[in-house]
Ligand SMILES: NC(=O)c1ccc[n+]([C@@H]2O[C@H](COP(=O)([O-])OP(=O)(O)OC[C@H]3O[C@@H](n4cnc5c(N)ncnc54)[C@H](OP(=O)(O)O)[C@@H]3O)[C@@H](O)[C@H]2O)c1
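In the block that follows, a single chain appears as structure tokens, in the form predicted on its own.
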């Protein structure tokens, strides 16, 4: 997809990955609707961009918030929807607050689904259109300490896959990008310490943004980031018992840092 002058809705724009994506799209001459809840962060981002873009401050977990976004898209038209919104909480499941579980599922899965449903008719009116959902490696590999987050990202991956097939005979291309661990504010001190203890590599938000550009330029349906993460995604699909055994061996370490996370909260 040629991005110059394309009208793009970017949710999660105030987050680290969202900001990096916005900067990349701005360089390509796109026109952006930057959606988030943090006015200060979005204003700082807007001041850093060159093009003529619009900030939409809203809570997508409310019907009113989604309607605010839909209204803007109906008035101006839309070529591309990038869903980069996401929240995460590192806790063992039995210790996790039920309100946090609901927030994770609403923010990462239910609200993007409801927004997509309303955006499809708007996108279908364009000669070329696309939807990209930013998921996670944890949308393919269930990891202890991230049960609710994994559930939300597994759901997002399944939703994206089904929607790809449902819209295959339309003008809308649907894609899924799965980053591995990324250096953003979503990571608590405990998560950063866990990644270090397990030897997990982490990417920068701009690396994720670059991978997104690859998807948009190639109309690729799905893309997974990082080695050996992308290998373990395939291995878990074919031989889940092998990945299960490997992660269970690390359970003591994960539990240690999950307890630290509880004390942080």
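Positions refer to the first chain, counted from 1. Just so it is clear, the structure is predicted and the values come from calculations on it, not from any experiment.
Absent from the display: the form predicted together with the named molecule. The rest refers to it.
Just one listed stretch, out of 157 to 165, 182 to 190, 71 to 79, 114 to 122, contacts the named molecule in the predicted bound form at the 4.5 Å heavy atom level, and that stretch is 182 to 190.
Using a 4.5 angstroms limit between non-hydrogen atoms, residue 90 is distant from the named molecule in the predicted bound form. Residue contact check for residue 58: one or more of its heavy atoms lie within 4.5 Å of the named molecule in the predicted bound form. Among residues of the shown chain, residue 220 is not one whose heavy atoms approach the named molecule to within 4.5 Å in the predicted bound form. Within 4.5 Å of any heavy atom of the named molecule in the predicted bound form lies no heavy atom of residue 210. Taking a 4.5 Å heavy atom cutoff to the named molecule in the predicted bound form, the contact residue among 172, 141, 194, 85 is 85.
Shown without its partner, the chain has 134, 135, 136, 149, 153 in segment 121 to 159 as residues with a non-hydrogen atom within 4.5 angstroms of the named molecule in the predicted bound form.
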